[in-house]
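Shown below, as structure tokens, is a lone chain in the form predicted alone; questions about how it binds or moves come after it.
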Amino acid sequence: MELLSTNIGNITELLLHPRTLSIVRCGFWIVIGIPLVYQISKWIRSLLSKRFAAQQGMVVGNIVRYFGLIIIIVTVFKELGFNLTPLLGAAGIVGIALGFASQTSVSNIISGIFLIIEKPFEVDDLITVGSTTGLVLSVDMLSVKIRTLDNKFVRIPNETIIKSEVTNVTRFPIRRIDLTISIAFKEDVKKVRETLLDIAANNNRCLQEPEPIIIISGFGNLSVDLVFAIWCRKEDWLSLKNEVYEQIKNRFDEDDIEIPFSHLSLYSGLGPQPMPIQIVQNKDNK
């Protein structure tokens, strides 16, 4: 009994030892704290994305996650008995050295802050930067991630975006489709105009406000060139463009409206008479 009591006493003393308690607390922060921080940041991101915008939710969620992880790391080091003062001093010196060595990264971070403040685009917007067009996946401190229309992943540094012309294709709820159409010179432009407006009026995806417009853009070598401009919701842009082109082709065929194309005609100078053809044999092959 005395041996058992001694063992129990030793175990109790070991469990209540400050070093053991520190290790237990460190395990708690690592096992419970880290997943909890990720869960809270995910919840905040989802909440802000619904109430404001996906970009704001992503930025605040990342800040909460990084801040929480820093607190956990500092707490664990303190529990293990590390003196953080020398580490902070060393970190300051290393930070200065890294700052000089990574000027490009600093420039990208500053550019990222300006992008977040200015908000020329947000997550899920369709943008064009240079020759790259795609959907914005994320706006981070160093770069913007884009998924192109053919499903490629593109990372563009923030500094490049700040220095480049950026086109936000889906910033506004509606877009205009400019269809280039060519008709033969013999066709009645008024009739063609009525046909095009009828196509727009009978298509549910085509908006009537703003109303469709038809502009004569010029005269080509073979045709009268028109621009048929119609408005639609931004999500219908691609499907409506293809659909209206198909409808125009079918209606022009039904109404005998000619779409000119390049062709070669040979004239003999005899009007409508057939071109005379003469076969000449080689004298050596009589």
Partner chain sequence: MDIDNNEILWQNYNMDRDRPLKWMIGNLQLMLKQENDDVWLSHQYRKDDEDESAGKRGVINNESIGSSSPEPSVEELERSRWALPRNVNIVSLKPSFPQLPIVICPENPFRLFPGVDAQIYVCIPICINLCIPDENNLALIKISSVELSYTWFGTFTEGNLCYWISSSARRQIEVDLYRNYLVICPIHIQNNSNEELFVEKLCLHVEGLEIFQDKNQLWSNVTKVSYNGSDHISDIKIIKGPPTEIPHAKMIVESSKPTKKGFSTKTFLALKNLPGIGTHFR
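Quantities reported herein were computed from a predicted structural model and do not represent experimental measurements. Residue numbers count along the first chain shown, from 1.
Not on display, but discussed next: the form predicted in complex with its partner chain.
Taking the partner from the other structure, its partner chain in the predicted bound form has no heavy atom within 4.5 Å of any heavy atom of residue 132. Remark: residue 204 counts among the residues lining its partner chain in the predicted bound form, judged by a heavy atom distance of 4.5 Å or less. In the predicted bound form, no heavy atom of residue 153 sits within 4.5 Å of its partner chain.
Its partner chain is not shown here, and in the predicted bound form it never comes within 4.5 Å of any heavy atom of residue 196.
Interface residue among 164, 104, 208, 148, judged by heavy atoms within 4.5 Å of its partner chain in the predicted bound form: 208. This chain is drawn without its partner chain; in the predicted bound form, the residue among 113, 71, 174, 189 with a heavy atom within 4.5 Å of it is 174. Stretch-level contact analysis of 252 to 260, 60 to 68, 31 to 39, 230 to 238 against its partner chain in the predicted bound form, using heavy atoms and a 4.5 Å limit, identifies 230 to 238. Contacts between 210 to 225 and its partner chain, taken as any heavy atom within 4.5 Å in the predicted bound form, involve 210, 213, 215.
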